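Shown here is one chain on its own, the form predicted on its own, set out as structure tokens.
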């Protein structure tokens, strides 16, 4: 499979899917999609499909596009909740069109997934499960932040649902569509799950230490709102009392940030992410050698060693 060509086809399909007679929905959707992104999730769907022997690129493209549309919808809603003003290097939808239209655009992206997934029968069961878990994870996170009770155990539950579920589902969908054996499907599910955990930990660390321009999104929001890996470990298992800012200010959580940067929390997080990525990589050993398997292995390294 020509991966660059396949991803380009995914981009085109997403743009076509969000066509609408309602201009604000079309324009806002295309605004966030055109900003690009890492496209980790559709990459995993495409690669998992090929890694188990799938050969028809046209058959897997709609599923890969659907996975990315769900992820994009969550980003739109996240920016509303977090008052984020920048995403993927450009203004957020809520910054340009306002919160109401941003909310509706996120809903629109979610519902457009039905258009793509309608022909895929039982694969929709997998899709429904992973998206339900995603929303559960986001809700757990919001509740823990509001109550100031985020700790390691709760954080692990949150990222397993809000991030790892979509990574795992993306890989499982590709494996199922490619007619992988039950063992291969399970291996790729576990690959995606562990990689999703690692990816989110690194994402949370970068929110703390990177600047907004390099990240391509508003940095520091997790800390200001009592969320993320660093806040969880700083709570020492007993929760944190970081105040949740309705509209985060520049100095929100400044004292905690100093504590985090002075301790070994960042190094601990990086190490944990690398261990999880190594577990993900081990799962690939049950797959036959192929260029797709090699690329999946490279994704584990890219996910944890990235700086933005």
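Positions refer to the first chain, counted from 1. Since the model is a prediction, treat every value here as computed from it, not as a measurement.
Keep in mind the form predicted together with a further copy of the same chain is missing from the figure; the text below concerns it.
4.5 Å heavy atom contact, residue 131 to a further copy of the same chain in the predicted complex: Yes.
Although the partner isn't part of this model, could you tell me whether residue 15 comes within 4.5 Å of a further copy of the same chain in the predicted complex, counting any heavy atom of the residue? No, residue 15 is distant from the partner.
Is there any non-hydrogen atom of residue 157 lying within 4.5 Å of a further copy of the same chain in the predicted complex? Residue 157 belongs to the contact set for a further copy of the same chain.
ask   = Is residue 20 close enough to a further copy of the same chain in the predicted complex to count, meaning some heavy atom within 4.5 Å?
value = Close contact exists here: in the predicted complex, residue 20 approaches a further copy of the same chain to within 4.5 Å, heavy atoms only.
Item checked: Heavy atom within 4.5 Å of a further copy of the same chain in the predicted complex - residue from 208, 185, 233, 80 -> Selected option: 80.
Just one stretch in 136-144, 186-194, 87-95, 169-177 has heavy atoms within 4.5 Å of a further copy of the same chain in the predicted complex, so which one is it?
In short, 136-144.
Margin query: in the predicted complex, does each of 24, 101 and 112 have a heavy atom within 4.5 Å of a further copy of the same chain?
Written below: Yes: 24, 101 and 112 each sit within 4.5 Å of a further copy of the same chain in the predicted complex.
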